[in-house]
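Consider the single chain below, provided in structure tokens and representing the form predicted alone.
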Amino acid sequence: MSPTPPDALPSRIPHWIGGEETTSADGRTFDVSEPVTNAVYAQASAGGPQDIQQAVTAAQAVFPAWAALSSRERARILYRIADAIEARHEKLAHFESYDTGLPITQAKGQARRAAENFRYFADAIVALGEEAFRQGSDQFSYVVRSPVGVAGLITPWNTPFMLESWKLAPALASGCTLVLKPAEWTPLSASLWPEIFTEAGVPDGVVNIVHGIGEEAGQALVDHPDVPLLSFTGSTETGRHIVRCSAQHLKTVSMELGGKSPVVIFADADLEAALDSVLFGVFSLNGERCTAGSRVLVEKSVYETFKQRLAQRAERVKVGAPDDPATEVGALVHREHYARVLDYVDIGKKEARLVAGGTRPPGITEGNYLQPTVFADVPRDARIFQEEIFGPVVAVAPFTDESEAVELANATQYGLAAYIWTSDLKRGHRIAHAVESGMVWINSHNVRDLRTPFGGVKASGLGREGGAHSIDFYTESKIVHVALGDVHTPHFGGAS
């Protein structure tokens, strides 16, 4: 099958620095391919240290003026950005689906979510008050927030546009200028940002976009001494590397890293709802989701039934062309990632029992396609139980009681999300408090409120973003202490 290219598909994707499209200083480019046939459709500029330097210089030049705007003035611009995103929702969805392999029905939600990120942070920055403290009648103290400076944003290839907006919106709301380094595998939708920001009236240089390979453009951004703040979403291995490098300049970092999130299902749960949630949670977005419930732990008394029904449903998941509205799982993002996921499938066949999928779907002879895959009776020391696969692959295992459920849930290096299914809400809360993760859903799938903190523990990351936590991240807090009356300080050095 060959995908239908979206209208206005560019053949070149340049940087955007200081309000202008630019090629790389050394003229280099890299291939951009679509995942249905792995055909190259565009050349993107391959940034390096010179391009990052140019972008940082542009961001520094306009930082004082952008930071000096009132919160209300910045909010007005963010509202216009949201409107400009929504005006391009069809184009964005087709760009995203073509570039990433996401089913078009799932890609169509990205514009709405991206626009909501900008509207939320526009509201938040206007409504956010400062803290104040009074020490009796003698002293008064208050907090002043100021933007940190030039922010470095490094974003992933799954739902790239929406996840870029997740960082762009709070950074701009807080008064930072920035350099964005999009994921090299999926730069297409980022090519829409320049026209969106220009239309919304964002001053030139406030947002700068440098494309390129992580080891080159990303590394140059991480190493730049005039970028005091880094927000990264991606793999744990890369996150560890960024943290090590950022120590040289004592940078503030936010790391949203890998996950191997458990779904804990007790026998008294609404098993139909749990089954729907498991299937959607691990197979939507092609399984390329950081919060995917990729380890399903089921109480032993209902384990066999649940496992069989999960396998049956997985076999019926519609895998096909990303631009087909009937498709539920499309093509994995890139041939390198596809090969990695297939390696894990081969590993899983040696470690556990394959009960669904594990092969290319019938009738599809090319592209990065995998039928949703279910492994059962997975031991806790299995690699497919311990390591993040980031594809449509799920590991299922039984537990006997509450204590074993918690033990298994916590038995990985990761701690991003967890999902608990039970009709006993007391137990649900007990498990939620005992599970080592930054986020927990009880009798719910992955529904987020933008006001809440997002992030993980252990190897799943550092820090929290979302709501006021994002504003805290992109700003420095200064406490100002003021005496309200006479100052009674001990009199040192007064002896004759």
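Note that residue numbering follows the sequence shown and begins at 1. None of these values were measured; they are calculated from a predicted model.
One more form of this protein exists, namely the form predicted in complex with nicotinamide-adenine-dinucleotide (NAD); it is left out here, but the text below deals with it.
Q: Have a look at 96-104, 370-378, 73-81, 241-249 and name the one stretch with heavy atoms inside 4.5 Å of nicotinamide-adenine-dinucleotide (NAD) in the model of the complex.
A: Within 4.5 Å of the partner lies stretch 241-249.
Q: Looking in the model of the complex, is nicotinamide-adenine-dinucleotide (NAD) within 4.5 Å of a heavy atom from each of 294, 398 and 419?
A: Looking in the model of the complex, the three residues 294, 398 and 419 all stay beyond 4.5 Å of nicotinamide-adenine-dinucleotide (NAD) (heavy atoms).
Q: From the list 154, 263, 285, 169, which entry has a heavy atom within 4.5 Å of nicotinamide-adenine-dinucleotide (NAD) in the model of the complex?
A: It is 154 that has a heavy atom within 4.5 Å of the partner.
Q: Of 191, 233, 174, 110, which one comes within 4.5 Å of nicotinamide-adenine-dinucleotide (NAD) in the model of the complex, counting heavy atoms only?
A: Going through each option in turn, the one that passes is 233.
Q: Under a 4.5 Å heavy atom criterion, is residue 66 part of the interface with nicotinamide-adenine-dinucleotide (NAD) in the model of the complex?
A: Although nicotinamide-adenine-dinucleotide (NAD) is absent here, residue 66 would stay clear of it in the model of the complex, with no heavy atoms inside 4.5 Å.
Q: With the partner left out of view, is residue 158 within 4.5 angstroms of nicotinamide-adenine-dinucleotide (NAD) in the model of the complex by any non-hydrogen atom?
A: Answer yes; at least one heavy atom of residue 158 falls within 4.5 Å of nicotinamide-adenine-dinucleotide (NAD) in the model of the complex.
Q: In the model of the complex, does residue 410 have a heavy atom within 4.5 Å of nicotinamide-adenine-dinucleotide (NAD)?
A: Although nicotinamide-adenine-dinucleotide (NAD) is absent here, residue 410 would stay clear of it in the model of the complex, with no heavy atoms inside 4.5 Å.
Q: Should residue 320 be classed as touching nicotinamide-adenine-dinucleotide (NAD) in the model of the complex when contacts are defined as heavy atoms within 4.5 Å?
A: No, residue 320 is distant from the partner.
Q: Heavy atom within 4.5 Å of nicotinamide-adenine-dinucleotide (NAD) in the model of the complex: which residues of 249-271 meet that condition, in order?
A: In sequence order, 256, 257, 258, 259 come within 4.5 Å of the partner.
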